[in-house]
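In structure tokens, the next block holds one chain alone, the form predicted alone.
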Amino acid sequence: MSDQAPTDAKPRRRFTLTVEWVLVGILILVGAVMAQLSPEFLTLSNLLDMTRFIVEIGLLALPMTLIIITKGIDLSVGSNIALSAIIFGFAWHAGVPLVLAAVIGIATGTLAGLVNGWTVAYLGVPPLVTTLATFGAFRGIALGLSGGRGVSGFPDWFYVLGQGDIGPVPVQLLVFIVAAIAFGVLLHVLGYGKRVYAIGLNERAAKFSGVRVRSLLLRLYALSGFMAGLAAIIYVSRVGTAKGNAATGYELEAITAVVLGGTSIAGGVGTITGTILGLAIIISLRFGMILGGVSANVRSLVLGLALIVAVLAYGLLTRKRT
């Protein structure tokens, strides 16, 4: 009788610990702790309701993932939401049909993103410097145009986008799911994603490989602006007012979600799944602690510690692989 293993024996699959699995573990731990703080936390109605307040940040985080993979950053997205919201509100107030006004608002965000992309890709200004400048410029324009006043009184049907449900599911959550799938395909299935990773790993080598780096970066920042414009429409629908101080601090929360999700600021590493898990951890921590009556200062401290722990865990994983 032969001692050889049968040729049709299937190799055993080894479980590989990845950043995503670390984040899943953190998310489960967070959920268990938050459930102890408040028994309402794990109810379906509460979990679905929490998503209403994170969708706009999630829409910003999706293109931010791709931008950070290329070693870039976009600090202007929160200000871009405010600018797009004000232009949308003023267009509607001036008598433009609401759907067309929404298109104008989204086009404003896209144009602002093109300004960022052109400055980074064709003028060679570092992304941090470019978007820090437009962060102040877009917010200043929005506040200047609004004069401290907001635009409200939109038709009732418009509020369905930010406040309505399809069955038990918030409408804006469905928008985010569609966007997340689209970005997942873009980054992980199509050739566009391979070029994004190539730029992050070695921009010069990507150029020699035939990647049109400047064109790709221009389109990537324009896409970030488009998503900011879309988030602006959802934001106005949710809060009921277009205002110049909208989305303050959103850029920091979007970046936190991306980095918490394992995307490396050194470039070349990151996934949409990680970003979504990072968002889930942030929303669970924030609203779980709110339900538990935890103060704002403690909430900020815990979110910061969670980010540090995730980054350290990611560092350990990458060190073991090498």
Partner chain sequence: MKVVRALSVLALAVISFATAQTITIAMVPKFTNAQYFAATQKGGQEAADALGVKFIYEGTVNADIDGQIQIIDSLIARGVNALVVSPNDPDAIVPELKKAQAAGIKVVTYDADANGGRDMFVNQATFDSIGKGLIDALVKETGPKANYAIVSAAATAANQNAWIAAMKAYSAANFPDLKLVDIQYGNDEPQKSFQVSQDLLNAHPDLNGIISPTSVGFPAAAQAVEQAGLAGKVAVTGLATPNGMKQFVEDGTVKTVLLWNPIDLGYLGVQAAYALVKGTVTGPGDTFTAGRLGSYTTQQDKISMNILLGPPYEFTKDNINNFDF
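Since the structure is predicted, the reported quantities are computational estimates derived from the model, not experimental observations. Numbering follows the first chain given and starts at 1.
Quick note: we don't show the form predicted in complex with the partner chain, though the next part is all about it.
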- Query: Contact between residue 215 and the partner chain in the predicted complex at 4.5 Å, heavy atoms?
  - Reply: no
- Message: Residue-level question: is residue 36 within 4.5 Å of the partner chain in the predicted complex, judged on heavy atoms?
- Response: no
- Message: Is residue 167 near the partner chain? Define near as a heavy atom within 4.5 Å, in the predicted complex.
- Response: no
- Mark residue 240 yes when one of its heavy atoms lies within 4.5 Å of a heavy atom of the partner chain in the predicted complex, and no otherwise. yes
- In contact with the partner chain in the predicted complex (heavy atoms, 4.5 Å), from 22-30, 284-292, 268-276, 59-67, is stretch 284-292
- Out of 250, 226, 176, 183, which one falls within 4.5 Å of the partner chain in the predicted complex, going by heavy atoms? 250
- Query: Across 39-65, which residues bring a heavy atom to within 4.5 Å of the partner chain in the predicted complex?
  - Reply: 39, 40, 42, 43, 44, 49, 53
